[in-house]
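Heads up, the chain below is alone and in the form predicted on its own; it's given as structure tokens.
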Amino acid sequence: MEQIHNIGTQLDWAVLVIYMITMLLFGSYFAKYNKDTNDFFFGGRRFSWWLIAMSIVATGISSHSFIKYSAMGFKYGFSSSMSYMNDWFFVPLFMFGWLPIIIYSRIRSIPEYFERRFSPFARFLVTVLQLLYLIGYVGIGFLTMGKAIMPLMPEYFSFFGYQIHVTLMGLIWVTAAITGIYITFGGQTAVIFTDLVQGTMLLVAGLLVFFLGISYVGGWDSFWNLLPKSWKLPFAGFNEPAEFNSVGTFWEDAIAGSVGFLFMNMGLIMRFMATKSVHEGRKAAAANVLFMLPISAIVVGGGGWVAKAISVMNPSIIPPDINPDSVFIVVSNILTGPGVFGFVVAAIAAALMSTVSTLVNAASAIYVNDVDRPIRIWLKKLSRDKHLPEKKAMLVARISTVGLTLLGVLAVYAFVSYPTVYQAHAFFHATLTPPLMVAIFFGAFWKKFTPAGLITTVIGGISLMLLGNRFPYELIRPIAHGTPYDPVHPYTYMSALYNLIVCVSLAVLTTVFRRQLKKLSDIIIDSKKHFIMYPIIGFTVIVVVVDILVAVLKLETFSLELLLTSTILASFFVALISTHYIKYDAERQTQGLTIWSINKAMEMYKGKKVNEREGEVVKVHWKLIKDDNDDVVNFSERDMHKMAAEVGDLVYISDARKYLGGLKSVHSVYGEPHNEDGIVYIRKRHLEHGLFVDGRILIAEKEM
């Protein structure tokens, strides 16, 4: 395939550079809103639904979306939108199940949920998987950005007589440096507000290219008639070709990818955790699936569709054998003039920065909460009931942001061998999401799911997944729905189905037979033959290590039958070992942490019984109490009556200017009332976090 270089003009470069500098300054501006790690990671949990919905668009439409869906649109037509529209049926489970659980449990990371729900060891396993997932996702983002900018670059620069060749990895290192600076200082608030700008830019850019393309080929009728018949179909072929088919897209994208993205992507979860309430989070999720996703499908795929029409009309302008990953950039350059093309490329940069900054911020949150803190506790540098001083925690957060950005660049090397970004992304989803997805789903929706079930799912499931990766023809082909076997990248999509089957099977079997496992464990305890557990543990460790070596080094030392039998036996031992050693109180550790106890979760969130009476939103002026810094605010009796509030209820106060989206706001608790109607007394801490402006009216509403 032809690699494009030197497209665009100096004006395009100027637009791109100005955009990059503007975003750096814009992101850095919001550093003043980062008073503590709660602000840095969760934006103070203060924002309105529309701001979060727009931010989700910017995060969901990553730079890889423009590149990979345009590539698939160019090769296969409207069916490229399949993978963008196939996750709506899981959204209600998120809105009414997982979202209230993560908000009301006040967790700071997904691994923290797993410690409360299961055990510290479960938290450790999930932390490892989460970091691998997020860093891998960052790597995909950098790879896409490099491929997007590459066509603009010359083949080499001359510098004092030396030729410096422009390479993909060189470009990636440069873009990583810029993105790293922006997110290191701005935090979650910077991410959300820059997403507002970036989301608007990428929607405008994608629609602009699509409609200019239709005009270029002579209008809608001409565009429609130029497309081959198969390009007009809403679905790809059932099981062909190997690189893009309906059944593979469903299992990899709709199930492993989309559900994984919605439920286990800590970056997206943190975006919802930045909303001011669960209700606002639900509105953001609904707006996204009902309005934003259909528009986004056109935005990211339209470039490929019009490129195909132009290719049919005049192959000398867009050759049929063009590199698919370059097609969006090439068609944008053809359809737009100097400067506007720079805007389009800047929009792709916007997509990258919004996605990568989200993921790096999320990975940093997990590092601070689930790696740094446990290590300090283990080294006795921090007691379990205390937190790191905020100034020090912020420093750790920013340093970890830099380190995780570097790891994201290194992760690119794992994906560069794939012919398209779409296939690299599919392999990534299919490999990393199934164990975590099963763990989250069963943890939140199945009260009987036990620590043994989770740990067996992760350890045993990954071992069986490794065997599937090493022996795809033998293990995946029987369930591959007839999709062709690609010896270089075998069953990139259908491996998602195999991985889901092995993980779900282990989770269900371990949970269904939990009583039998407990009886077996009790027999070992009663007989005082604990030593029998040591060879069981040793055997299990050896099997897992062998499975890893066989998959990574492509060893042929052992037969599949031997490996499969020993891995299934080791999975049973993992279930037994977990049941034997992990202390688990099923009643206590499911309270407020499953969908079946949401009301209890609300009471735990508030700390007392929930006040469900409907109240009004009131407008008030604020006065500062300087000599008291308690986390309470005081309204008049009349205003509290309007809000149907009682002393001890939770309240949300924000600047009345709605276009701020909650930027200047705080959460607090109702204190004793006074008699000055229209006045709220706040403390110094509220002024520092809310950054309220003197003389500006506030609005207040009861939370619960």
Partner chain sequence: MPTFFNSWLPFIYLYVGGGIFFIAGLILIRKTKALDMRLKRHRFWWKVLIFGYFYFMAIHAFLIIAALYL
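These figures come from a predicted structure and were not determined experimentally. Take the two forms, find the largest set of C-alpha atoms that superpose within 1.5 Å, and that set is the rigid core. Positions refer to the first chain, counted from 1.
Just so you know, the form predicted together with its partner chain exists too; it's not on screen, but the next bit is about it.
Contact with its partner chain in the model of the complex, defined as a heavy atom within 4.5 Å, is made by none of His387, Glu474 and Lys608. Distance criterion of 4.5 Å from any heavy atom to its partner chain in the model of the complex singles out Arg282 from the list Arg282, Lys75, Arg373, Arg108.
When its partner chain is considered in the model of the complex, only one residue from Tyr413, Tyr581, Trp224, Tyr156 comes within 4.5 Å through any heavy atom, namely Trp224. Contact check for Ser230: a heavy atom falls within 4.5 Å of its partner chain in the model of the complex. The shortest heavy atom separation between Glu561 and its partner chain in the model of the complex exceeds 4.5 Å. Taking non-hydrogen atoms only, His481 approaches its partner chain to within 4.5 angstroms in the model of the complex.
Contact check for Phe124: no non-hydrogen atom falls within 4.5 Å of its partner chain in the model of the complex. Remark: of stretches 203 to 211, 166 to 174, 232 to 240, 329 to 337, the one touching its partner chain in the model of the complex is 232 to 240 (heavy atom within 4.5 Å). Residues of 282 to 300 lying near its partner chain in the model of the complex, listed in sequence order, are Arg282, Lys283, Ala286, Val289, Leu290, Phe291, Pro294, the criterion being any heavy atom within 4.5 Å.
The Cα shift for Ala53 between this form and the one not shown, taken after rigid core superposition, is smaller than 2 angstroms.
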